[in-house]
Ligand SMILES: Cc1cc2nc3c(=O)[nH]c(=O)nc-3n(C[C@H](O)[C@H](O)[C@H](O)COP(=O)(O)OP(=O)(O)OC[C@H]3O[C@@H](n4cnc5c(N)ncnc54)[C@H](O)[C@@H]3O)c2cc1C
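One chain follows as structure tokens, the form predicted alone.
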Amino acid sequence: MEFKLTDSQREYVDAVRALAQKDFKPRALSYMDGTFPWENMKQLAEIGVLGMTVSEEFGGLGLPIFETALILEEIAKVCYPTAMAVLGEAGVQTRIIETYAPRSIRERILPRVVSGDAILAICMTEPHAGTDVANYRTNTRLGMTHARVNGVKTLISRAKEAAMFVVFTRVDDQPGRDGIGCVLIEQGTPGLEVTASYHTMGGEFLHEVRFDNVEVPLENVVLKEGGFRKLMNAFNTQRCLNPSISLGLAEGAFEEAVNYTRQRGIFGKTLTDFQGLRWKLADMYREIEAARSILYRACASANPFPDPLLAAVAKITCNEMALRVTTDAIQVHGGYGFTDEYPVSRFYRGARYGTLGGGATETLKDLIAKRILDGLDPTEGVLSLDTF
């Protein structure tokens, strides 16, 4: 096993880090009011980042999940809203379109994603149901040539900027999870309306989206009843990319904390002279490296989607680690850490979302426990789970 990046991986990371540190970092505070980071996105499109998961056939780089996670990590070190915007282009939305949509739709939308001209939004959560997919009420009725979509989705990122919505929907009123499919709806389609907006502590806006007899061609219904398992396989991608943002936030906070302790003077010394603070930095680094290891393992398991068990473990580990590390970074900064002018408070606010989106921590713990109870062999032990 080789525990270091290849030359090409290092090249990607260095290019994105240079751009993020030089241009994104000075602008990061300006996006906390919910302004969409269009300027950052255009710069990322110019170096190919927005097309990193799109296949070369449609103008992208076709990078594996691991490289995608590395790039998101670097962006999150300086700007959470930009990292989340890129996640929308590189995450489950793109995977669903490229894997399941007909060629005509892929040819129309994916090159625009690569160029930065099309933002994607995924619509899952409903006002009465988030994790409880079996109780989604949004429904798509199939006709002879068209389908009609009715329902409400909430807490949707990038709804006002999106060119296309990837909507989890019931198909022809089929009950339970087996009735869940997926439909693609373009912005501006009659009957689609953004009806509410909520500003988050992380800086983004989340929105409510209503579908009132929205008519789409049948080819836009990319998964019909029985598509839930395929959707969840694609969604495991999100359970590697969400924690890569958490890892980046923790690293960004850690780097700020190290620099601050080197510079801050007290009692004729710097903070680095105090053992308590040196140990705090050591613990922060230890937690980051442990979380990085399990995340990179989960990313490396993708073929084409990550192992569900490793992805769940990585997500919980990185999400919760980021909360602890960003909290400690604020403590190291003292009162300054509580202000908007110092990045560590923004890192904490971004980290707080990790355990909520892409599968809540409690839900994923149930998934892990089920896999353990169903798969652990009394003779082979942990290796019987086959996740190494």
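We number the residues from 1 along the sequence you see. Just so it is clear, the model here is predicted, and its values are computed rather than measured.
A second form of this protein, the form predicted in complex with this ligand, is not displayed here; the remarks below concern that form.
Q: At the 4.5 Å heavy atom threshold, is I75 in contact with this ligand in the predicted bound form?
A: No - in the predicted bound form, heavy atoms of I75 and this ligand never come within 4.5 Å of each other.
Q: Is T363 close to this ligand in the predicted bound form, meaning a heavy atom pair under 4.5 Å apart or at it?
A: Yes, T363 is a contact residue.
Q: Is L247 part of the interface with this ligand in the predicted bound form - any heavy atom within 4.5 Å?
A: Taking the distances in the predicted bound form, the answer for L247 is no, it never comes within 4.5 Å of this ligand.
Q: So in the predicted bound form, does F58 come within 4.5 Å of this ligand, heavy atom to heavy atom?
A: Close contact is absent here: in the predicted bound form, F58 is far from this ligand, nothing within 4.5 Å, heavy atoms only.
Q: If the criterion is a non-hydrogen atom within 4.5 angstroms, does every one of E251, A291 and S345 touch this ligand in the predicted bound form?
A: No, none of E251, A291 and S345 comes within 4.5 Å of this ligand in the predicted bound form.
Q: Between the options M124, I185, A234, L223, which residue brings a heavy atom to within 4.5 Å of this ligand in the predicted bound form?
A: Looking at M124, I185, A234, L223 one by one, just M124 meets the 4.5 Å heavy-atom criterion.
Q: Select from the listed residues S301, S157, T317, T82 the one whose heavy atoms reach within 4.5 Å of this ligand in the predicted bound form.
A: It is S157.
Q: Thinking of this ligand in the predicted bound form, which stretch from 99-107, 190-198, 172-180, 129-137 has heavy atoms inside 4.5 Å of it?
A: Among the listed stretches, the partner-contacting one is 129-137.
Q: Of 207-222, which residues get within 4.5 Å of this ligand in the predicted bound form if you count heavy atoms?
A: Going through 207-222 in order - heavy atoms within 4.5 Å of this ligand in the predicted bound form - there are no hits.
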